[in-house]
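Only one chain is given next, in structure tokens, and it is the form predicted alone.
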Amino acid sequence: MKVLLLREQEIKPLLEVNEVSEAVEQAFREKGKGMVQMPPKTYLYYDKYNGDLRVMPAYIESMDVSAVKVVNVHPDNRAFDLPTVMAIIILIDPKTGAPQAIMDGTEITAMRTGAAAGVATKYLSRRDAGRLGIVGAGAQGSKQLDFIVNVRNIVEVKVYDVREEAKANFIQKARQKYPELRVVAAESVEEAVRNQDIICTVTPSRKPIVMNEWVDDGIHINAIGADAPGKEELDPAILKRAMIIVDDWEQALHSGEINVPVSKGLITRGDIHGELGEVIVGKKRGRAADKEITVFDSTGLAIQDATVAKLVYKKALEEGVGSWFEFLTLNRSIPHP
């Protein structure tokens, strides 16, 4: 039994925005149809190191795709010259349970997260949305830009980060990549989000940083940063005004943008309109009016990782990328599990 090993530098050239967007949208579509198995994330908390580890399994029966991801989130990793998020994905053959590939999941995680925001923006933002505010200028902030310009005619981007170096680096790269865009620095969160059509929040904050009075009617918000219990980026008053769409009910209630307001009784499950997959397949309506506020609560789903991992695997086979290694010798007795 041979397994394909794929490193980050081999995976990056295989990931294209359009293809990743299609894979992630298909994952949401299958979830909307009720055709996936995806237990909620399992967490280990490393409190003394300000980090956590998550295990994320998924099976999409109609696509014959299954995978398990192990991923960390350690906000202080910059001090060790390591990414905040690192991941490994094991792609599984559903027919036999045998591993097909073991691959770095760091870039896949970044891309599929950006793609989820792009898909949500496609279905929930106003069609004429052209101004984008990004709070958080790290690696994921850049991915938000890549996928949102793919679905909307963005003309201006304002970005804010508490780290001036990160903000400057984001602006430099964005201007080089998208010379037609007006990309400017915001001196505060308020400046980044006021008078925008779309907002993306991509921070590890544990208290609201986007205030209700800064948010205009008609805006769409991708709330990306809250992905563990206790995290939140938005003033709960915004949620009370908005149509809230989650990626997954259980994960969002446990660790998404809504987790703190729900735990405090500020909003209830009845305030949540539905899941993105339900909007995509037509079970729930999307934006109904230009003045409506929409919020996408993104926690990150294992089905997104699975579909993108399968895409990477197929392209790696086509292009002869990666290294094969023998995982299991089959000419011996195999113990029962």
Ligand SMILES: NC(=O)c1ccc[n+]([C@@H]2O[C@H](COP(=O)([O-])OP(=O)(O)OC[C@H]3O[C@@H](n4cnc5c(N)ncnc54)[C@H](O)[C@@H]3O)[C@@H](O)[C@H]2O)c1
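Residue numbers here begin at 1 and follow the sequence given. Here the structure is a predicted model, which is why all the values come from computation and not from measurement.
Not on display, but discussed next: the form predicted in complex with the ligand.
With a 4.5 Å cutoff on heavy atoms, Ala166 counts as touching the ligand in the model of the complex. The closest non-hydrogen atom of Thr299 lies within 4.5 Å of the ligand in the model of the complex. Taking non-hydrogen atoms only, Pro204 approaches the ligand to within 4.5 angstroms in the model of the complex. Within 4.5 Å of any heavy atom of the ligand in the model of the complex lies no heavy atom of Gln196. With respect to the ligand in the model of the complex, the three residues Arg126, Ile238 and Arg285 uniformly fall beyond 4.5 angstroms at the level of their nearest heavy atom. This chain is drawn without the ligand; in the model of the complex, the residue among Ile221, Ile224, Ala192, Ala115 with a heavy atom within 4.5 Å of it is Ile224. Of the listed positions (Lys122, His254, Arg131, Lys231), a single one reaches within 4.5 angstroms of the ligand by any non-hydrogen atom in the model of the complex, namely Lys231. Across the options 149-157, 71-79, 91-99, 172-180, residues that bring heavy atoms within 4.5 Å of the ligand in the model of the complex belong to 71-79.
In sequence order, Val135, Gly136, Ala137, Gly138, Ala139, Gln140, Gly141, Tyr160, Asp161, Val162, Arg163, Ala166 are the residues of 133-168 having a heavy atom within 4.5 Å of the ligand in the model of the complex; the partner itself is omitted from this view.
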